[in-house]
Each structure stands twice: as C-alpha cells, then as structure tokens.
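Just one chain follows, in the form predicted alone, and it is written as structure tokens.
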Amino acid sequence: MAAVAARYQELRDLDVNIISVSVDSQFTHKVWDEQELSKMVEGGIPWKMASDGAGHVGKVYGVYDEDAGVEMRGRFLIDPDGVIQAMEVMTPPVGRNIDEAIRQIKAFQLVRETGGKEATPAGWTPGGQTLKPGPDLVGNVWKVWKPAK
C-alpha cells in the first residue's frame, strides 16, 4: 500500500483509479494509516480504503479465505470497460512490485490505444519494440523479436 501511495500521482497521471479493499473495518484502516502507513509515505494513503467485513468482494475476486476469514493480497488491473486484464495474488510473505504494475498498465494502455494492432512482448518496456499481430507474424516472431537476457 505504501509503495502504491508513493507513486500515486504517477498512477493518476496514467488515468488509474486506486481501490483498496480488505476485511478490516474502517476503524482498523484509519489506525493503520495513521500509525504506520503515514510514517512510510508522507500524508498516508491518498485514497479511501473499503471495508469488506463479510468477504463478499473477496469471494467474487477469488481471494477470500473462508477458513481464516481473510482476503489474500491481490492486485487486479481492470480496464475502462470493467474487464479484468491482469491479476496477481500473493501470499503475505512476498511483496508485489509497483514498477511491474506500472509497466503492465502502460502495456495494456498501448494495446488498447492501438486497437490491438500492437502487442507488447515479454519484458516490454515503454518505448520498446512492439509486435504487429497478424498472419505475417505467425511462425515469424523469431525473426523480429528476441527475449531480453
């Protein structure tokens, strides 16, 4: 959360809306933000955290652990049409990578802007080579793209 908050303006500049949801109460969110998160990033979390006490949202997204009564940590990239384009679910001991999330957002935005006329290969970074999907590319990817080592 703090890593996302530290890059919040960059995400907003990409037209990204942040929504965070957990089974914790709004009071727990407030204390967590005031006592910990605000010490990690100036001003704390710049968006409201939603409480999903009964796990309804977590169940829909497949991250609610009914036995433990908690939601696993997940990141979902949802396009402007409401379609999940990517998801990452991790157990608590392993943190997510905000740089990778931003890279993926930029990749999805480029593909959307081009109407699917460009695709981003593995390891693509903004400004990097894209692929032009179509019959001519089938069986010929090796001629135009090599994975980064």
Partner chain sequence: MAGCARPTGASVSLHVEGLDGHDEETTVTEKEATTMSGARVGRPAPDFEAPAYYKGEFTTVKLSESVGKGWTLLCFYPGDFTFV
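Only a predicted model underlies this, so the values are computations on that prediction, with no experimental measurement involved. Numbering follows the first chain given and starts at 1.
Here the subject shifts to the form predicted together with the partner chain, a form of this protein not shown in this document.
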Going by a heavy atom distance of 4.5 Å, is A122 a contact of the partner chain in the predicted complex? no
L137: touches the partner chain in the predicted complex, heavy atom cutoff 4.5 angstroms: no
Quick one: does I19 come within 4.5 Å of the partner chain in the predicted complex, counting heavy atoms only? yes
Using the partner position in the predicted complex, report whether H29 sits within 4.5 Å of the partner chain, counting heavy atoms only. yes
Out of 55-83, which residues reach within 4.5 Å of the partner chain in the predicted complex, heavy atoms considered? H56, V57, G58, K59, V60, Y61, G62, V63, V70, E71, M72, R73, G74, R75, F76, L77, I78, D79, P80, D81, G82, V83
